[in-house]
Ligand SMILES: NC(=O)C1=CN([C@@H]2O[C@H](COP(=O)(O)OP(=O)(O)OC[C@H]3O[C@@H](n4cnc5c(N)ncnc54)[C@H](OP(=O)(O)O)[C@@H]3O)[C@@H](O)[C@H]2O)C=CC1
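Below you'll find only one chain, the form predicted on its own, shown as structure tokens.
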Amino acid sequence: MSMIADFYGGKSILITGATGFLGKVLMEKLFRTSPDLRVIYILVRPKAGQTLQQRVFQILNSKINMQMKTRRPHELFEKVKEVCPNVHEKIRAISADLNQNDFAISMQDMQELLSYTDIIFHCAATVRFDDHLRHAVQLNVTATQQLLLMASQMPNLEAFIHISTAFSNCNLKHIDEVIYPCPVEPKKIIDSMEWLDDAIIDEITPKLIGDRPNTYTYTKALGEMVVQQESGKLNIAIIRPSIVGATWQEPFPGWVDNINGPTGLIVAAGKGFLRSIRATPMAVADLIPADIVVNLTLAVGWYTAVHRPKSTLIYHCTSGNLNPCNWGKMGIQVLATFEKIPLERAFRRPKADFTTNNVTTQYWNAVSHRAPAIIYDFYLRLTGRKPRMTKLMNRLLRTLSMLEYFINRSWEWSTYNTEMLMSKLSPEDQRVFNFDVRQLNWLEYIENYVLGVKKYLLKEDMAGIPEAKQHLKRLRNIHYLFNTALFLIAWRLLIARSQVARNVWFFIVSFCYKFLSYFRASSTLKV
């Protein structure tokens, strides 16, 4: 029997961010390994025209495939329904808005949460790199502060697990499992966001975030400070995952349902939108599968509640220090996989190169990204359709510029606490809640990742692979034809304007004529 799975049996668990990618995988694993848990409370923001029950149904059941106009099962919870048929009865959706004071939770719901919650997993956050500082502070700092206040009023609470990011201190080269202070206290930042107007906030944001690349990493660091300062007598742990990618093994290899991080790059490359990217091929791509993060999170929840460490422990959930894979190797494998399982209706054939400086990046952005988009939009206008490619390409280039900081650097994260926890697990728990990234085969994982993007995210049928390959062949022929025509036009213009070019052309023609004459004469003599 797994001690961790047994621990969560009968528990009432509160998960923030349960409707997000990581939150869904966490909820699935809890139900699958501890089907006898009492209830999972999820905080759900009200949505116009949709009840809370409908939101839960959307998570657990089917989604409409807009391309095929059919319904398919939502693969993530298929196995859960086998071991826990009444899973929908064990999810208690609470109407809440993390942008509001006390999350705008009703008095009755608040009383239920305070009275019954045993474990809190705080996964909610804004992960947008370009988010306005006011909004990022509200979701990543103030909401954490308010949740800690709620937690301090829960008599049965056994553990509070805060999901941060390994990049909260990305301004450092080597990062230990400790909380690093920010120059300005979180409380002062929170207070200032309440009265400063947007113009002033925009002006001071670069000075506040300092040598961090964006408001996301800065506010996640502030959130960690809030956890440290306001934990009180709570049993708290912080988990810092790096770049969270598709699942490795559970519940299915390659499951993913959003385009954040590397998933968006995979889609852009597979569809032929992304042809060059400014990155350091030898930099470590510190990717971590979602199920490894979830397994570590559940193990940390158990250890924090049962062993009650004297201080707040930080656990790094990273791959680079134990099982590194660089961006160059990852890119090669992604493109190799697209040769076998291409995406449908690609804009161009998958092909992407790395650039290493700003000049070549700007050149290839103009030649390989913006120019084809403009040409395609011109074609759409001629055929009476609305142009859209330039807008899409500009959005892709903005995203790439925000990712450049992370794909051109490598970091070193210590993992003492993570390895300590692994040694505390029984052999059964090490199997059921496996978070040993050293066992990960990167080539196999990346292939499953690409396949998962096609199956689970884009909802493309595997039966369509032959047609997708034929489409790529047509694109290749169009590419060759276009380049040939372009070369002939350029050469014709050059001959018309340059005597040197004409002399070169006549020399080539004369040489070819003489060679053919010699070859014909030699053949005649042999006969």
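Residue numbers here begin at 1 and follow the sequence given. Quick caveat, the model's predicted, so the values are computed rather than measured.
Form predicted in complex with the named molecule: not shown, discussed below.
Backbone and C-beta atoms of the displayed form are kept clear of the named molecule by more than 2.4 Å after its pose in the model of the complex is superimposed, which defines the site as open. Only one listed stretch (375 to 383, 238 to 246, 174 to 182, 417 to 425) carries heavy atoms within 4.5 Å of the named molecule in the model of the complex, and that stretch is 238 to 246. The named molecule in the model of the complex comes within 4.5 Å of no heavy atom belonging to Asn358. Although the partner is absent here, Phe273 is not a contact residue: none of its heavy atoms lies within 4.5 angstroms of the named molecule in the model of the complex. The closest heavy atom approach of Glu203 to the named molecule in the model of the complex falls outside 4.5 Å. By the criterion of a heavy atom within 4.5 Å, Leu22 is counted among the residues contacting the named molecule in the model of the complex.
With the partner omitted here, the residue from Thr117, Asn295, Ser164, Thr142 that has a non-hydrogen atom within 4.5 angstroms of the named molecule in the model of the complex is Ser164. The contact residue chosen from Ser152, Asn260, Asn441, Gln111 relative to the named molecule in the model of the complex is Asn260, the criterion being a non-hydrogen atom within 4.5 angstroms.
Each of Asn99, Val127 and Lys220 is positioned with at least one heavy atom within 4.5 Å of the named molecule in the model of the complex.
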